[in-house]
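Just the one chain here, the form predicted alone, laid out as C-alpha cells.
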Amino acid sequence: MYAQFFGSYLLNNKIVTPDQLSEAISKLKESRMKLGTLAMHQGLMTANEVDEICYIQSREDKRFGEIAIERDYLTDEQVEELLHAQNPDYLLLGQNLVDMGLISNEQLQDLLLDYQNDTEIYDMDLENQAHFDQLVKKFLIVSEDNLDEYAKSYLKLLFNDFVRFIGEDFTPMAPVPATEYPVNYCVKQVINGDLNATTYLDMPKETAIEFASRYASMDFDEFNEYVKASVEDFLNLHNGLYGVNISNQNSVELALEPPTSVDEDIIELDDDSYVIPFIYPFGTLHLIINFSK
C-alpha cells in the first residue's frame, strides 16, 4: 500500500511523467519481484553487481541466485531469506520503471535510499496503519499546502477509502489552490454543522465507468445512471465516515446534504479551495475541497 506515495515522490522530483507512472503502476499485479532488486534493497548487493549478474544471465542459462552465490555476492541463506521476505510494493514499482528503461538500477538504488530518508521509514510493517498515516502526513508536508487539520484528516481517510473501495494503484498529487475548476463529470456534496465544507469529486465519463465498476464490483460498459449513482454513493459514504470520525475524535457534529451532479461547465470556488488529483491507471480523478468553520 506504499507504491502510491513513492509514485508521488517520483513525480514531485520529475523522475517520471504521469503517463509513465500510470503504466508502471498498471503492471504491478502482473509483475514479480526479482532477486536482484530485493538484494539491492536490503543492501546485500550494489546496483553494479546486480547489473553484472543480469549481463551474465543474458549469456548463461543460470538463475540470478545461482550466479550471485558463485561470485560470493550472496550466501545460500541470504538467497532463501530474500525469497521469503515481505517487501513493500513501492519496490516493485521501482523495478517496473527499470524494466521499462526509464531509470537504471543505480538510479533506483539512490532513489530508494533518498525516499526512505525522506519519509523516515526504514523498516516498514506493511500492515501498520501508523506507518501509512506517517506517509500521508509526510506527503502533505512535502506538498507545502495550507490545509488545516480538518482537511488533512479528510484526506487521510480518503487515501484509506480509495485503497478499501477502489484500489491501491493510485498516486496522489499535491493539493493545488484554485478559484475555479472546469467540470467533466462532477458530484458535489455539502457538509454542514460545527464545521462547514463543500466537496466535489470530478472525473471524465470514461474514468467514471471504471471507477464505478470497481466500487460496485460490477462491469459497466457505458456511462449511465448506475455509474452516476456509484460515484455519488462513494462520495456520500466517504463523507459519512468522515463525519463519524470527526464526531468521535473532536466532538464536532456534522450533517450531510444529499450528493448531486454538477451541471455547470466551470465551478466557481470559494477562497481556500484546493484541487487534489489522484492518478489511477484507468484515468485521473480530482477531489475539490473547501473547509470553513
Partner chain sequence: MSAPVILICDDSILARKQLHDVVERYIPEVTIYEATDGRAAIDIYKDKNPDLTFIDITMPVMNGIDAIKGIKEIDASSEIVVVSSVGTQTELKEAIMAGAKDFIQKPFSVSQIKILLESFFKEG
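Worth saying up front: this structure is predicted, and the values here are computed from it rather than measured. Numbering follows the first chain given and starts at 1.
The same protein has a further form, the form predicted in complex with its partner chain, not shown here; the description that follows concerns it.
- Note on the interface: of 29-37, 264-272, 48-56, 251-259, the segment with non-hydrogen atoms within 4.5 angstroms of its partner chain in the predicted complex is 251-259.
- Contact with its partner chain in the predicted complex, defined as a heavy atom within 4.5 Å, is made by all three of 215, 226 and 244.
- Although the partner is absent here, residue 66 sits far enough away that none of its heavy atoms falls within 4.5 Å of its partner chain in the predicted complex.
- Taking the partner from elsewhere, residue 220 is found to have a heavy atom lying within 4.5 Å of its partner chain in the predicted complex.
- Looking at residue 44, you'd find every heavy atom of it more than 4.5 angstroms from its partner chain in the predicted complex.
- Contact check for residue 165: a heavy atom falls within 4.5 Å of its partner chain in the predicted complex.
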